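There is one chain below, alone, in structure tokens, taken in the form predicted alone.
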């Protein structure tokens, strides 16, 4: 069996204590050092024992497992407790699951983002369950005066076969809580798993479908006021004055004022992005009354000034420049084209690409672009806040609660220990709820009103207030020799305001002569993480281009990719390739098999794509037909290597969601600007995929693996863009280089 240490040097990963009413509570922190000795921890009453994730065993045998990370639809609230329950050796149906509270002393990665929850929590969660089990076994061995090696467990019951003795976990819980946590514990072999690898229903599923109050927007407290914000109508403007003479007279309105999100001298951390630092606020008794007052509130705005400020990215400082002016989409594309004509910043060079291109018999070139995108979470931004001079209590949906708590502490001038942020289920995140300026706004409004307040953004507020997926451009060149071998590859890419380049990803390492460059353009439009940041564009551009190169070489697109990957396996170029070419090739081979590649029905066009991101690999084949001049996705076959799969049904659902989301954004997603004004503010203009446009069938296959789990929330999203583009080419004979591939009224001709 695998052995895992519960203590490394002075760092204690596990600590346990007795509950006030009997039973045992075991907490664990796999990234934080213990601040108290084990003796001090054991003496603490329950209400003082703060942990990042824990399980409780009551004296009646009831097991409660808390899920530490925010739940935003990725199903970690089910999957993370499953891992604990597996090593604890209990019956899953008898487990109660609860959301863990934010605890900055115990957690250092209580995040939703980067597809990291299961990957980072894997060992710590297993450790928690295994340690609790060994404490229970030890307690039973001492009580029965038998060797611990003769004790076994099954389904929450402890057995000693020779003496015919048995006991439920609850009977031994109090005694187990008094035993010191061992310095190392044994973990189960994968072949012995009974819960991990089985499909379990979402623990919140029934509550969701019956409309139980799980989400931040459901929060209600007696005496609670409703607040909304009003921001400038265009990026590049700031509020100079407010005319609230009419709005103040409307029914239910309590106050109207301005707030400043961050103080002028505040050094923003990485996730402290906010669009308009000063906004107008309307506070009233009800949502309807505040919305009506908002319609008549008048604000006067003036231009912002260019500014440069220092940002802190987890200890690394950088300068962020925000230019003045009113920006337009037409100008953005012209600026990107101009930048791509200049020499970029060289990020990787293998061999002699310049000479190789001169020797090439055939050169293929293509330029790809993608627009700004809005996140459009189903649940608009909201947060409840009750701030007094002594403490701050907040409730709502966010992705980076630990970092947000630090930001709020700095803004309020209040110690972190006086701030309590309760996490609710997210009605969508996709990166948008990583930037919790709206939480800070809610806290400042509550502080000003000296009352509990729920801040609610309208859909228009959210869509026109940032924080967007950046706009991107990528130029590709490939050189083929007389035998149609790829001998040179060049990518030059950039974005507004961020570069999407991943210079060490495929096909880097598979081509002798390889060059990667990038550039950026400053903007006053605010951007941030968007599901599979930057990969969501690069996968589309790269995989679309590889299809075009394969066609120019006269080769099957899957065979072409596999030949390159074989080169990366047998004779890799460079020393910093960040992908495993064997695993990459594995998903391509699996999707080729499962899709019956090369045997598509008559009248069907197919597109293939594969990509590596967030430590996982995904390959997809998309089948498309054209009906009435518009594309219909008949089927998507998807192969995924994300290591060991904890909950297959949930993993399948997550993969399917990424595919549908990607198809919609590829075909329709776009946010444009004229003189700083977003041209879409609600779903009447911002086109989202509709139910009838989703694939008729999605067939998901996971590579069988005993590798520790890797990311899954994001990896199926990026490659589907190119699968759509490549299928469209097969259907129409026209390459699609610019997203979105369709406008709402567009039709295609074959």
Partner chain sequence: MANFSVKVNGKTVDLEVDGSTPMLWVLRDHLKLVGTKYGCGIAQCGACTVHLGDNAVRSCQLPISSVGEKEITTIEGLSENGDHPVQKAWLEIDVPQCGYCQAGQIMTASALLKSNPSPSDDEIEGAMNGNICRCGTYTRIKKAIKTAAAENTNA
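Residue numbers count along the first chain shown, from 1. The structure displayed is predicted, hence computed values, not measured ones.
Heads up, the form predicted in complex with its partner chain isn't pictured, but that's what we're talking about next.
Residue-level contacts in the predicted complex: of 217, 393, 326, 259, one residue has a heavy atom within 4.5 Å of its partner chain, and it is 217. The contact with its partner chain in the predicted complex, taken as any heavy atom within 4.5 Å, belongs to 209 out of 604, 361, 338, 209.
For its partner chain in the predicted complex, the listed stretch (510-518, 72-80, 235-243, 589-597) containing residues with heavy atoms inside 4.5 Å is 72-80.
Heavy atoms of residue 281 never reach within 4.5 Å of its partner chain in the predicted complex, leaving it off the interface.
In the predicted complex, residue 446 stays away from its partner chain, with no heavy atom inside 4.5 Å. Residue contact check for residue 460: one or more of its heavy atoms lie within 4.5 Å of its partner chain in the predicted complex. For the chain shown alone, residue 375 is a contact residue for its partner chain in the predicted complex, at least one non-hydrogen atom being within 4.5 angstroms. Contacts of stretch 393-432 with its partner chain in the predicted complex, defined by any heavy atom lying within 4.5 Å, are made by 425, 426, 427, 428, 430, listed in sequence order.
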